[in-house]
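Just the one chain here, laid out as structure tokens, in the form predicted on its own.
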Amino acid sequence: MEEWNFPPSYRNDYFPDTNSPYWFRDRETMDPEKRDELIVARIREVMAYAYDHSPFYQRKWDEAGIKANDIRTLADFEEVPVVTKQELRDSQAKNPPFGDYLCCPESDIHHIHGTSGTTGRPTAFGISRRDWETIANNHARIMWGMGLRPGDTVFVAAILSLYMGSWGALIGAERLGCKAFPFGAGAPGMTARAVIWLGMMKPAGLYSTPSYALRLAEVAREEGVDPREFGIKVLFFSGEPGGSIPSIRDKIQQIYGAKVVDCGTMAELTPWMHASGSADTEGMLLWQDIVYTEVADPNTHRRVPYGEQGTPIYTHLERTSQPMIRMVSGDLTHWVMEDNPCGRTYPRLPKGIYGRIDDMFQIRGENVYPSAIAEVLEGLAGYGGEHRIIISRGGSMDELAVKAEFDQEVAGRGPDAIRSLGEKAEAELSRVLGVRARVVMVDPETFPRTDFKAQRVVDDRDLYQSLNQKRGG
């Protein structure tokens, strides 16, 4: 395969033929069984490297009685114990700041990023210069597959801070030879300024979350600008479900007159674009020669057959500073292995990543994902663009309510139109979810918009329980 070395050493002056849809034709279109054989050999190399350089992996694999040379098939690899986020946090707490899974000298670290730490101790990402260049090459390759080309302008509409999404898009655009525009997000009035700059620059590509793309379109229209006037060809999203949800994807494509590409897994697994659609293939392709992905049973951590759902488990094949080897994501998806329109011979996640298993909630025995509710609402004419999901306890039973905005057109038609929209939403949610959902329609612009990941679930069950305990006292 092209430039298939470990540690990787990419030529930063390499570009494919302009007319080729592939960056590395052989790697992307080869027989999957042959690719799997090469991946097994690479896994042994990565494991041997990590064992030699990391007390974390030495300890973990010695306790499990696993050695790199034991891995002769992908089935053998399923015997390797998974890595969890909690293990990484514990490692960094005991061995600050980067943990004892750091496989390079601290002096080699080129960039520091990390998690926000809003739910506990933040996790620090120490990325070596070699890895930074590898990530840039990987992302440039995947962005080429989206249809972006050298000389195109790529507008990065995401916060440039700890967040690896914005930086990954930026360095991929730079390596691709694009005019990279790190516009950012998050400051008051910034979205209105983005409308001005987009009108001036006419970028071919825009990176953001799906929620922000919808918010940007709202603001553009408020400013009297049709988002199609920006001339965007490709919108590529990460950070939340949406890019592979048909109603959301189709709505954004119609608004901008552009292709939507869903991409992205976990910051720890950067190059996070290793799960990404292409110009011709919807959903997410698993670019297995960059990061090897298994969709596995959440309990046994063994691969499920194609066509079934499970949690992704990821293994870096080209990272050397903090390589993740069988890191369990805690997300939920399903995978298929079939002919892809773009000709790439990778497995695919046809509906992308649904969300975290932890995000799922149960209502009267039914599993409900926030992304499923968003999909229904986005498919309804008259939906105003934002909603909140309220889970509460009525007596001994959990109750699901959705507060959803109606748009200005529905508002202009009066109370009967608002009532009708609410009834349609209730009926469709009940049909899709298999559980009754009470819908309350609220005025346009009731809920704040976000420049980042949308947080839409409010769980009032704990409040209900605490009130009952107080009454009982």
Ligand code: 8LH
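All figures in this text were calculated on a predicted structure; none of them were measured in a lab. When you see a residue number, it is the position in the sequence shown, counting from 1.
One more form of this protein, predicted in complex with the ligand, exists but is not displayed; see below.
Placing the ligand onto this chain after superposition of the site C-alphas, with its pose taken in the model of the complex, gives no ligand atom within 2.4 angstroms of any backbone or C-beta atom; the site is classed as open. Checking D289, E282, E240, E378 against the ligand in the model of the complex, a heavy atom within 4.5 Å turns up for just one residue: E240. Note on contacts: among C263, A157, I325, M143, the single residue with a heavy atom within 4.5 Å of the ligand in the model of the complex is C263.
Mapping the unseen interface onto this chain, F230 falls outside it, with no heavy atom inside 4.5 Å of the ligand in the model of the complex. Although the partner is absent here, M164 is a contact residue: one of its heavy atoms lies within 4.5 angstroms of the ligand in the model of the complex. The shortest heavy atom separation between Y212 and the ligand in the model of the complex exceeds 4.5 Å.
A residue is said to contact a partner when one of its heavy atoms sits within 4.5 Å of a partner heavy atom; A267 meets this definition for the ligand in the model of the complex. Residues within 4.5 angstroms of the ligand in the model of the complex, judged by any non-hydrogen atom, belong to 267-275 and to none of the other stretches in 144-152, 177-185, 214-222, 267-275. Residues of 188-213 placing a heavy atom within 4.5 Å of the ligand in the model of the complex: Y207 alone.
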